[in-house]
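Quick setup: one chain, the form predicted on its own, written in structure tokens, and binding and motion questions come after.
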Amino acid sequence: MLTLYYAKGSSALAPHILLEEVGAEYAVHEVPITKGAHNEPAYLEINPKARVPALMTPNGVITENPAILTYIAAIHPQAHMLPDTPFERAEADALCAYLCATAHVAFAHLLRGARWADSEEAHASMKAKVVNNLRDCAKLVETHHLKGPWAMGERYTFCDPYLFLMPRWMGKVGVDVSDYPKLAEHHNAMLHRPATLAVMAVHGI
């Protein structure tokens, strides 16, 4: 049994969707960040980073979306969520790493500036850069990572639920996904998958 620790509307949406896609046996445990639950001792024992998602497995806890997504895919080989060749796997890993380390961080500067600076002036400067930074991220993904119709081409893989988050980040700051046709097509395709819709209902989005 796997247990996903999540907050509604957070990036935990990605592994939650993948758990549904592969038909995993799993439970979910909500960690309401708005109520400070991620900083409570009980959760810090699970994930001392005080972040979601975290995935409890029979062998211990896994954190960070790229690691969680690849783990879910690897233990459900019948779902064929991992690319077939080492090079394609590296391409998928590179996309997930970019989403985690660059695109999500660019979005986080909107509300999480206190992670990087203390002054209100610095926070305002960070917020002012969010829109252009996300546009740059979207352009790079559209041009260099998204093969279409799915991230890796014709087959849905473990990185598609993570890519689904990017238009959500863009929309929250007023970046129109329709300016990026391949991203828009991918987002629309995700919205037609039963697993996506089921998980979105749980998250209330």
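All residue numbers refer to positions in the sequence shown, first residue = 1. No experiment lies behind these values; they were computed from the predicted model shown.
Below: the form predicted in complex with another copy of the chain, not depicted.
Though the partner is left out of this view, M152 does not reach within 4.5 Å of another copy of the chain in the model of the complex, counting heavy atoms only. With a 4.5 Å cutoff on heavy atoms, E142 does not count as touching another copy of the chain in the model of the complex; it lies far away. In the model of the complex, T34 stays away from another copy of the chain, with no heavy atom inside 4.5 Å. Interface membership of L163, defined by any non-hydrogen atom within 4.5 Å of another copy of the chain in the model of the complex, is ruled out. A heavy atom within 4.5 Å of another copy of the chain in the model of the complex is found for exactly one of A79, V131, L111, A97: A97.
Contacts to another copy of the chain in the model of the complex (heavy atom within 4.5 Å) from stretch 60-79: G60, V61, I62, T63, E64, P66, A67, T70, Y71, A74, I75.
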